[in-house]
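Shown below, as structure tokens, is a lone chain in the form predicted on its own; questions about how it binds or moves come after it.
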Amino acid sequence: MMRAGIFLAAAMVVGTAAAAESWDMPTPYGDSTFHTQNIRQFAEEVQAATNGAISITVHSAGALLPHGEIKNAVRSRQVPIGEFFLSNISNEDLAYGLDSQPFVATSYDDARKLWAIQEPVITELLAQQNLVPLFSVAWPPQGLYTNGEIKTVADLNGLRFRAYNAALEEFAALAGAAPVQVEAADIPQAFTSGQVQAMITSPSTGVSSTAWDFVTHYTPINAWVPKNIVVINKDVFDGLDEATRTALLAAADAAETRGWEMSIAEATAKTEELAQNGITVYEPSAELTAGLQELGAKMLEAWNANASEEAKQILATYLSE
């Protein structure tokens, strides 16, 4: 998102006469997660850039609202602003979940290219729900956590597999595993209780959930690079004066740029931290990679059969560039 100006300059044009607004902002992830840290800095910068006209209180780790309720809570103006995992709403339109399709975008460069194409469509779709996207930040590429090394896709057969969206449910089922919906905050308990035995997630989530307490192996299969998104209620946004909107958007631009940089740094640092805490980090075998890519191809075929024209156009443009 390239918007005119920077938030420091915008702060100079926001008057102090505007009535101060206090916004509650629900987020699904804990305070140790870089997404939350980035959002807290965004909140501080918004308050500074608007000379206190907007004060954002961040409620992390689902403390205010469960993850699955955040989007609709912003839509209904129960809260003015919130963060959620973008592909969680792919049941509404598959355009939202293209970043979670296995082996479509597997690097940060690919993810940036996909988001540049995806963003205008997502903006239009969210506008239909009275929502305005402010910024989106990628997670590190997703890796596979298990007890013991996984050498082929067949080794996943029968495992209870943590899922966090529809694409991962489908992926697990195609691999012969049993998908189980588990939020990030509940991962340790889910493994400890035997509810799940394996998962695909970022090294960031692996560290924040202390994965070394319940799994022994991690392989960076780089399956996909999914994103979180921060949205604001359109009525709230439209109700801001022009200078305040400019300051808010400039702070959002800064948060998106900073967030991607944080994500890139996280990918290396958190993978190293997994190893330092006793997890065996290994490169996937050629056979495992080939098997996973075959599953991804099957999923993309099914995706194409059910995707909206807008979603198909995103993929076509992405693959042609």
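The first residue of the shown sequence is 1; numbering continues from there. None of the values given here were measured: they were computed from a predicted structure.
Another form exists, predicted together with a small molecule; not displayed. Remarks below refer to it.
- Only one of Ser202, Gln118, Asn233, Thr244 lies close to the small molecule in the predicted bound form, with a heavy atom inside 4.5 Å, and it is Ser202.
- Think of it this way: in the predicted bound form, the small molecule has a heavy atom of just one of Phe135, Phe191, Phe84, Trp139 within 4.5 Å, and the residue is Trp139.
- Contact annotation: Phe42 falls outside 4.5 Å of the small molecule in the predicted bound form, judged by heavy atom distances.
- By the criterion of a heavy atom within 4.5 Å, Ala73 is excluded from the residues contacting the small molecule in the predicted bound form.
- For the chain shown alone, Ala184 is a contact residue for the small molecule in the predicted bound form, at least one non-hydrogen atom being within 4.5 angstroms.
- The small molecule is not drawn, but in the predicted bound form it has no heavy atom within 4.5 Å of Tyr96.
- You can rule out all but one of 161-169, 215-223, 105-113, 120-128: in the predicted bound form, only 161-169 has residues with a heavy atom within 4.5 Å of the small molecule.
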